[in-house]
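Let's start with one chain on its own, the form predicted on its own, as structure tokens.
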């Protein structure tokens, strides 16, 4: 009888692809985008350099995939709270804003990665496209929550409100990541809820984001 062959699993390919993304994120976090050379990525992932082209068109494509992974992970971490949030639109929006301004989303290493990848958007169209897609993914989630809160509003008005609220969250996120010790426990969240609530004319700060941590401290490492 012929020897048994190990069945092919798509998961094996996904695992190798994810290992390359994780290695890229780790190298960028350690030394910036310039540290993520093909040789260094392959060595850190424990694969041959040629395998990168098997899963990606090249290093630029791998960098864009790593950036997308980082941003989608942060959006998913912000939105995860909605699975257990109350059905009340105001409470759901408050929970989302709270999660976006708490660990694991607020994290110094995430800011380092974001800043490094943002530099690449000026030279690489694929990185710019990735930035646009991930920015819109977060903003669209925020706009949907705003629409639920406000009810019938013109799409253009909802878009402008989402842009303004997103700008507040982004600014506080950057400050919280860069200077976590500058904020008291829960202060970043409180500022975010008051500011977003003021834009929308809603008392978000009065809502309970039960089950969502309010610490601005984080020990999160590179997202897997």
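Every value quoted in this text rests on a predicted model; they were computed, and no experiment measured them. Numbering follows the first chain given and starts at 1.
Form predicted together with another copy of the chain: not shown, discussed below.
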To verify the annotation, which of these, 47, 168, 40, 61, has a non-hydrogen atom within 4.5 Å of another copy of the chain in the predicted bound form? 168
With a 4.5 Å heavy atom cut-off, would you call residue 154 a contact of another copy of the chain in the predicted bound form? no
Classify residue 139 as contacting or not contacting another copy of the chain in the predicted bound form by the rule of any non-hydrogen atom within 4.5 angstroms, answering yes or no. yes
Is residue 185 close enough to touch another copy of the chain in the predicted bound form, meaning at least one heavy atom pair within 4.5 Å? no
Residue 84 within 4.5 Å of another copy of the chain in the predicted bound form, heavy atoms: no
With the partner absent here, would 19, 26 and 76 each sit within 4.5 Å of another copy of the chain in the predicted bound form, counting heavy atoms only? no
Stretch from 143-151, 67-75, 92-100, 119-127 whose residues place a heavy atom within 4.5 Å of another copy of the chain in the predicted bound form: 119-127
Residues in 132-164 with any heavy atom within 4.5 Å of another copy of the chain in the predicted bound form: 135, 139, 159, 160, 163, 164
